[in-house]
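Shown below, as structure tokens, is a lone chain in the form predicted alone; questions about how it binds or moves come after it.
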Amino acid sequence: MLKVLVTGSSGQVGTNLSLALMKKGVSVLGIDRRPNTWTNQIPFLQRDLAAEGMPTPSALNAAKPGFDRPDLVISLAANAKVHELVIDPKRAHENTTTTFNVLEFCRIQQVPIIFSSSREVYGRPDPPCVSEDEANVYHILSPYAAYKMADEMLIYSYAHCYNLKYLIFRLSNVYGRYDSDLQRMTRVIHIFIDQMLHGKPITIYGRHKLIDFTYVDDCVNGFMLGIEKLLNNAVVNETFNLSSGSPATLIQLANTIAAKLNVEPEIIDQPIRPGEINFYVADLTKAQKLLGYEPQVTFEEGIKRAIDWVLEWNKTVQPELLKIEHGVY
């Protein structure tokens, strides 16, 4: 049975990907510094990889017998949100400490890695779309982006020096299921949904900012294609854009959500914040050619699915919240 170790397994991509792998019969072990707030189905080892490093093979085996050496590591663990890491750049530095620790584990165990990078490494490229070879260190806009670029460079160096096999996916605004934990993150789509559901005004930082929003099923599908190709040595040591090819401005996002919820949004316009990009539309040619990747979910359909999921999720969690508020627990 294929064994896959997923770091950052309690996050949105980690949750969706781990569940998808398990559904296909893959043995999964997750690592995260916090428990998963959406599901308890994913076998899990709680650990801060930046502070404590990777678990030893014996610790992995204790967490899940037979899992001392996985066949693949998928590295998703990271502090996210560009502007938050502008305010506290130490958290961006922690990301690369985490990546180094994961790479050392992979080097010693000779295990290939799939790494989650970000469209932020491109800075502010020129339209109409951005190909993988357009990343330029001189265009870096934020500590988050700088350390993501450093993560990639570390992986490239480990490939050259230690023959470590890898794939890197540069993601862009993944959204959908398991993306509504507003206590720990501020993803724009679910912030807008939550605020409009409660009749609150929404703040747009950069009305004309154009972003490639990626529905989570397309993201997971890209990872699954990459896993198969990497483990079969069909595609090795490559970096890919992984997004939807379905961009929208923030004002289009707000209006699309409002239309689905049948509300009239109150919009507060603010200028783009330091460190944030104002344009990203991915060129997916390379992923299409080498992986057979084809995004399936349009922006409008993805927003509909995201809203439907939030409304359904709220029905399941609201009774529990009411019990807590009234002192039942």
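As the structure is a prediction and not an experimental result, all values here were calculated from the model. Numbers follow the displayed sequence, beginning with 1.
Same protein, other form: the form predicted in complex with a small molecule, not shown, and the subject of what follows.
In the predicted bound form, the small molecule sits within 4.5 Å of a heavy atom belonging to V13. Proximity of K289 to the small molecule in the predicted bound form falls outside the 4.5 Å heavy atom cutoff. Proximity of D48 to the small molecule in the predicted bound form falls within the 4.5 Å heavy atom cutoff.
The closest heavy atom approach of R187 to the small molecule in the predicted bound form falls within 4.5 Å. In terms of contact with the small molecule in the predicted bound form, the residue from C106, V130, L76, A145 that brings a heavy atom within 4.5 Å is L76. This chain lacks the partner; the member of I155, L171, I227, L253 within 4.5 angstroms of the small molecule in the predicted bound form by a non-hydrogen atom is L171. Residues of just one listed stretch (199-207, 115-123, 132-140, 245-253) have heavy atoms within 4.5 Å of the small molecule in the predicted bound form: 115-123.
By the 4.5 Å heavy atom rule, the three marked residues R33, A80 and T98 all count as contacting the small molecule in the predicted bound form.
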